[in-house]
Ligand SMILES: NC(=O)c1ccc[n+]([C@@H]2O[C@H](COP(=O)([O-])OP(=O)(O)OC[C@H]3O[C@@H](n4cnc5c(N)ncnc54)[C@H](OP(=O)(O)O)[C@@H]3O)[C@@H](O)[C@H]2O)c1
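Before any questions on how it binds or moves, here is one chain, the form predicted alone, in structure tokens.
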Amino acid sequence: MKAVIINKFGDLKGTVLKSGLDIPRPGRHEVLIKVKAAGVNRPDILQRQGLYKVPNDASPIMGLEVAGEVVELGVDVTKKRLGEFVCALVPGGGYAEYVVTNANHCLPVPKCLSIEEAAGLCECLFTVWINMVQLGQLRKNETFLIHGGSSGIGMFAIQLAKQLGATVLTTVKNQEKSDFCYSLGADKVIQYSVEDFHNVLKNKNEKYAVDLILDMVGGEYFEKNIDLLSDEGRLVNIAFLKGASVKLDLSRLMMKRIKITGSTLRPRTVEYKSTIADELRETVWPLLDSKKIRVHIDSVFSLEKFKDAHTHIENGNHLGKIILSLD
């Protein structure tokens, strides 16, 4: 098969598309998927740069979400049928013509979505569900702030939060991204290139008391997030684009009874991811089928053009998902 191989960590010069590789074989509880499309995510960039540790039992090939056809079953797999088209969370290996994953991490392709749109679902929706719903415990009538609302994660978080009955605030870079987030249902969008989100939301005329913040920025945002949170507010960190080291005033944490947590998805157990898949199938997939949550594809690149896809996501000018097509 063909797959994207990292020969040397760093810039794109050390990563190549290679042919003649062995097709992986599914384990007892796994399926083999012939990949039609794969999602591109920031952890892929970090992995290529050598900044994202790959679990010992995972494929070293980049790619954490795919859509395609089930072409082989592990001996203990009974639920998935040969020839079924699925979208799947994979433990690595998505930038390839074939990939294996646990059968329980496969979900049906929503009836109204293309295979490219389906390829961009799992990594982001698993992440949003875990961090916004499970850890963040977002509830109806609460106020939710997500930084980076025009990203793949932001796109889904805004829409799912609105379905849960929350008021949604977000930060973005420019007017185009602002318009995109408003089209998804955001109630307030702040362009950080023009104004400071902390000053805007602390303004007495805005009257926002934030209950939950989902942050992928870190750095200088941390103290601002803590100041914005209401009593018993929650802060969930999922990345740190502006730095992992922050300053914490414990007295403010104590006085407000704030909860701070964070998580990464890839190292979690097979069983945990299976539970999340079941919850998504029951709760979120009907919203996709009914078009109450939609997918916006920014751009589709062929597998051969994976370097262009990486450059595009690193530039940060995309709206929604970037996809690699193998069709």
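When you see a residue number, it is the position in the sequence shown, counting from 1. Treat the numbers as computed from the prediction; the structure is a model and nothing was measured.
The form predicted in complex with the ligand is left out here; the points below concern that form.
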Taking the ligand as it sits in the predicted bound form, is residue 85 near enough to touch it, meaning that at least one heavy atom pair lies within 4.5 angstroms?
no
How about residue 70: is it within 4.5 Å of the ligand in the predicted bound form, going by heavy atoms?
no
Would residue 310 sit within 4.5 Å of the ligand in the predicted bound form, counting heavy atoms only?
no
Can you work out whether residue 316 and the ligand are in contact in the predicted bound form, taking contact to mean some heavy atom pair no more than 4.5 Å apart?
yes
Per-stretch contact check against the ligand in the predicted bound form, the hit in 223 to 231, 112 to 120, 240 to 248, 99 to 107 (non-hydrogen atom, 4.5 angstroms):
240 to 248
Is the ligand in the predicted bound form near all of 188, 287 and 291, within 4.5 Å of a heavy atom of each?
no
Which residue, 216, 138, 184, 210, has a heavy atom that falls within 4.5 Å of the ligand in the predicted bound form?
216
Since the partner is left out here, which residues of 148 to 172 would have a heavy atom within 4.5 Å of the ligand in the predicted bound form?
148, 150, 151, 152, 153, 172
